[in-house]
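Here we start with a single chain on its own, the form predicted alone, put down as structure tokens.
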Amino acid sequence: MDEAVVATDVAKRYGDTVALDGVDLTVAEGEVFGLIGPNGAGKTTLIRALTGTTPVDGEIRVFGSGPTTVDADRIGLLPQSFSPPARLTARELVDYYGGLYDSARETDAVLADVGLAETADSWYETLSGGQQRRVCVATALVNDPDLLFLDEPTTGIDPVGRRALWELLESLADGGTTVVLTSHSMAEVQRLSDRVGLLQDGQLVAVGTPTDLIADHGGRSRLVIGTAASESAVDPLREAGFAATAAADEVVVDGVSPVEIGEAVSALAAADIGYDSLTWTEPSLEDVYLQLTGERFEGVSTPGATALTEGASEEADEGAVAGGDR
């Protein structure tokens, strides 16, 4: 497979601050590459370097050319911060940016793709924050790029709109578009990316498929049992072969597969210990992020958490456990 992006020993300093420190990165044509990392890790600087908007040390090739000499019609860019003229309509903005290229898609088709067909004639300043972000996405798609850079594309977009945009990006990737994506949404990165790179202190500290990164760094699945008798519940669970640890009003059981949940419930029932809830969690990219950086994303729920019961010990004993959203 041909390479869309090749970065070799890329470095950038702002005075005494090291933004990028010898980054090596290859993105294949047709690949979706997700870039994650703490604020200040260098993600936006790397995107700017790859698009030629920030000069850096090292070498960058985009479709075999330098980032400032590659055919602009082949590249789409959505910056993290983007403030187009507020008194233009969504249609006028997409028309304007489409006019910057030798050829562009039909404006109405692009607006429909991002869910703005009905608000195409509304001024940008009157749109909601999520709608404004969708307009910005549309301006990055209007030239039908072969390589699309998206820096936090779904910021401010509601959950329904976010999922619709995910489906659009999946469709573009299926059609051969190469995507380089930065995001603080682990669900977004895990769903969309073929490979993921974790950037910390200007260095890529881990690169791999989401599955491989989770296997290598995500830890084990766990079962959290909500119970007022947490101290009493530990011994019967350990006697049944589980690695159980008591905490305030809960017991954490590491390394539990879905088929073993019933065994844990049976051990509690045999010891006449009730519980209020069971939550089974499989490791995710958020766990990888936490393991490698020591930080957790604020306000982002962990993918893979399934609430099995809530105040229904008897139902669980009979095997009637309800699966939660995944």
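Please read all numbers here as calculations on a predicted model, not as lab measurements. One-based numbering along the sequence shown.
A second form of this protein, the form predicted together with adenosine-5'-diphosphate (ADP), is not displayed here; the remarks below concern that form.
Quiz item: With a 4.5 Å heavy atom cut-off, would you call Thr69 a contact of adenosine-5'-diphosphate (ADP) in the predicted complex?
Solution: Thr69: no, not in contact with adenosine-5'-diphosphate (ADP) in the predicted complex.
Practice problem: May I ask you to check whether Gly30 falls inside a 4.5 Å heavy atom distance of adenosine-5'-diphosphate (ADP) in the predicted complex? | Solution: Although adenosine-5'-diphosphate (ADP) is absent here, Gly30 would stay clear of it in the predicted complex, with no heavy atoms inside 4.5 Å.
Quiz item: Even though adenosine-5'-diphosphate (ADP) is not shown here, does Gly42 get within 4.5 Å of it in the predicted complex, heavy atoms only?
Solution: Output for Gly42 is yes: heavy atoms within 4.5 Å of adenosine-5'-diphosphate (ADP).
Self-check item: Contact label in the predicted complex: Pro283 to adenosine-5'-diphosphate (ADP), heavy atom within 4.5 Å
Solution: No - in the predicted complex, heavy atoms of Pro283 and adenosine-5'-diphosphate (ADP) never come within 4.5 Å of each other.
Quiz item: Since the chain is shown here on its own, which stretch among 256-264, 57-65, 274-282, 42-50 would lie within 4.5 Å of adenosine-5'-diphosphate (ADP) in the predicted complex, judged by heavy atoms?
Solution: Going through the listed ranges, the match is 42-50.
Self-check item: in the predicted complex, residues of 2-26 near adenosine-5'-diphosphate (ADP) [heavy atom within 4.5 Å]
Solution: Result: Tyr14, Thr17, Ala19.
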